[in-house]
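Taking the form predicted alone, here's one chain by itself in structure tokens.
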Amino acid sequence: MALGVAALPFTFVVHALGIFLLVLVLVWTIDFRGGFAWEATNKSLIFNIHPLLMLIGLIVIGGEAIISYKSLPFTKEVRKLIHLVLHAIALILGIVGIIAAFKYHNESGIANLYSFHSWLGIGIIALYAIQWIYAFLLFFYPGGPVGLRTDCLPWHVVLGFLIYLMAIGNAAIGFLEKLTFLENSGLAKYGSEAFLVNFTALITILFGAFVVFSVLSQAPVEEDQGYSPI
């Protein structure tokens, strides 16, 4: 199914919102939360790595990987490679971001995996890794039989889209969870930081919506109906 509009305007919006999200999360984690550190007496600096890498990795770069087939004027093979590499970068950043969250919890004496956000996050990163590995083996190297690739393509597309939408929803939940903890610790509920965190969550959802619009719109060039993922 495709919308009766061109993909290009939507992809421009995705790029712009991605840059905006990067600015927002940097302002929050640096100006309001004090910056980043892998080793620090202030353990919150360790935690700040988590939202930064999860947002840049799974959300922004993951979204760019999804729309790469509609936004890049290259051959199918080049777009496939870019799609694969961007998802690999997103996966690596996501894994490091989750490690940072565990490190923060362990060094702060906080229990791990007690919230729905954490459960869903572990599930998403596991599914993301499985999706990438099987796509690499089946569609890229060594590559499966043409018939198998054709049969698996719709599942690859749907599952990849589902995993991404789950990541968008979990990111919004994560912002809400962190903001609730901060407010319970004395942060002003109507202050500038609370507004910034809520606004970042809103833009994250908007970013995901435009990724959906881009994928469902018409590509700038006629696509063949081969086995390449979207």
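If you're wondering where the values come from, they're calculated on a predicted model, not measured in any experiment. Residue positions are given as counts along the sequence shown, with the first one as 1.
There is also a form predicted together with a further copy of the same chain; it is not shown, and the following applies to it.
- This chain is drawn without a further copy of the same chain; in the predicted bound form, the residue among 95, 120, 81, 130 with a heavy atom within 4.5 Å of it is 120.
- Site annotation in the predicted bound form: the residue of 46, 52, 61, 201 reaching within 4.5 Å of a further copy of the same chain with a heavy atom is 201.
- Although the partner is absent from this view, residue 8 stays clear of a further copy of the same chain in the predicted bound form, with no non-hydrogen atom inside 4.5 angstroms.
- The shortest heavy atom separation between residue 212 and a further copy of the same chain in the predicted bound form is within 4.5 Å.
- Taking the partner from the other structure, a further copy of the same chain in the predicted bound form has no heavy atom within 4.5 Å of any heavy atom of residue 27.
- The closest non-hydrogen atom of residue 184 lies within 4.5 Å of a further copy of the same chain in the predicted bound form.
- Although the partner is absent from the chain shown here, 177, 190 and 216 each have a heavy atom within 4.5 Å of a further copy of the same chain in the predicted bound form.
- Figure note: of the listed segments 110-118, 131-139, 71-79, 84-92, the one touching a further copy of the same chain in the predicted bound form, with heavy atoms no more than 4.5 Å away, is 110-118.
- Contact residues in stretch 147-162 (any heavy atom within 4.5 Å of a further copy of the same chain, taken in the predicted bound form) are 154, 155, 157, 158, 159, 161, 162.
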